[in-house]
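Listed next as structure tokens is one chain, alone, in the form predicted on its own.
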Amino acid sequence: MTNRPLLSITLSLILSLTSPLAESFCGFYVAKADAKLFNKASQVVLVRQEDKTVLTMANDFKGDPKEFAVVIPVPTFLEKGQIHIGEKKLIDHLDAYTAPRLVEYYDDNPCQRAIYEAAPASAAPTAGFEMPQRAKKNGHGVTVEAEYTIGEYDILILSAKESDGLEQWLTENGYRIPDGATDVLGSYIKQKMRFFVAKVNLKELSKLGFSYLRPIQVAYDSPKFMLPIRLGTVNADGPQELFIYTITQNGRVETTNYRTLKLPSDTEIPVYIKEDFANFYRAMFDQQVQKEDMEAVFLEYAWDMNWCDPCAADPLTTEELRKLGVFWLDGASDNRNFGGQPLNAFVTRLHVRYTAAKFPQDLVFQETADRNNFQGRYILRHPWTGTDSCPAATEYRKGLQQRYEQEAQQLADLTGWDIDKIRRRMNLLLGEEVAPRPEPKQGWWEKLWKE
């Protein structure tokens, strides 16, 4: 019996998208929290200008390619020229550039200059292969409006009249439909949306020589600025993790039918987190999701593509942006010129953890005129350890214990971790390495050489 690809209907697309002054942060970037920190993480890039959208979908499918199939509701018919095979490395670069980051500072000698204080500054940019069976043209109220082979994918554009008919048609054409898909499919049919169905053409995959499935890109015109996520919950075995990177002309993107919240940022945390940033960030995000009862979309980054501060990765080049679909940059020069004019390519990174119960609607977006910079940024502040003696140094040392305790409290609040365990990691309970240094004693010998 021939195995049928499970129509794993998940958004990870493995059916199994005048500039104001800004704060200058500086500091030394030491770690980032990219999408790889989370299991079952889907990544979608949405490029949007007016009613034009370019959607790039990266899947995290692991398994036999003949078991791969995706079905995606799309708002309009797609010609062959509107479908393209993308490059995963571009999404990886965008992920790295926008990832929440850990930065570190070193306190100055308080006897020589004022203790560092974060302050606003002007925005100075610094086996055997088989050909897939040909689909039946019509039946059960389903129409195959087009079929294409593009790269390693065989693609169908379907329209349907009833969800039951669509399910039956898909089953008869070799797909296994997860339980619970009927109502969700029906809601898209009522909206007169088409269905983009893709599975792997094993012969083409063999000829191309790729060991992984590349992202699929589609370009279309529609007033709907949205991302269908409900199909992703049909056969999910738990909450889904989704990263959405939008690139727009004017400013930050937010959801209109769910709250969009900024993650806590610019918080000082204990320096030992430098060796444990991944666990910190996962725990911090878990805490925020729990706090909001999994009913919010979180903003992790918003910045003009022309610069960053500090940079977790270089901004994307103009060529890379064009390959992701930023079509309005034609004629623009490369943007490796920190300090140049903004490219009008504003990137927003949104992170959402969702289930069917908590996110019963697809995500609907709007572009705002807000070009203020934001990044998930967490600060390690190393103490000054010199031996100079002066009144400012005395006051500095007296304040260290209080500062360490505040860092411990902030870490506990962000993550939900036990405060006493944090203190032990910092040696606060033992009083090691954090006690103020005593003033140096004046020895009898100093009189010998005193001028």
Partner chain sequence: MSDFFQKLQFSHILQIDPRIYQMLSLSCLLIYGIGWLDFEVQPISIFILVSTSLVTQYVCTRLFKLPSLDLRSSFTSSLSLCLLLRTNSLFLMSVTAFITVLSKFVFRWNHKHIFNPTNFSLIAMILFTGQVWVSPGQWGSTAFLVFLIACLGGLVINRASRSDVTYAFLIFYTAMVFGRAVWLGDPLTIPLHQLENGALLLFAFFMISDPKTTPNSRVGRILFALLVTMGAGYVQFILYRTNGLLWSLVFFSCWVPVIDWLLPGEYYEWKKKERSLSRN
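In this text, all values refer to a predicted model and were calculated from it rather than measured experimentally. Positions refer to the first chain, counted from 1.
There is another form of this protein, the form predicted in complex with the partner chain, and it is not shown here; the text below is about that form.
By the criterion of a heavy atom within 4.5 Å, E87 is excluded from the residues contacting the partner chain in the model of the complex. Proximity of P360 to the partner chain in the model of the complex: non-hydrogen atoms within 4.5 Å are present. Among residues of the shown chain, R230 is one whose heavy atoms approach the partner chain to within 4.5 Å in the model of the complex.
The closest heavy atom approach of G186 to the partner chain in the model of the complex falls within 4.5 Å.
Shown alone, this chain has one stretch from 198 to 206, 149 to 157, 220 to 228, 314 to 322 that lies within 4.5 Å of the partner chain in the model of the complex by heavy atoms: 220 to 228.
For the residues Q366, Q290, Q112, N279, the 4.5 Å heavy atom test against the partner chain in the model of the complex is passed only by Q366. Proximity to the partner chain in the model of the complex, taken as a non-hydrogen atom within 4.5 angstroms, holds for one residue of A96, L329, V144, L261, which is L261.
Contact annotation for 236 to 268: residues with any non-hydrogen atom within 4.5 angstroms of the partner chain in the model of the complex are R252, E254, T255, T256, N257, Y258, R259, L261, K262, listed in sequence order.
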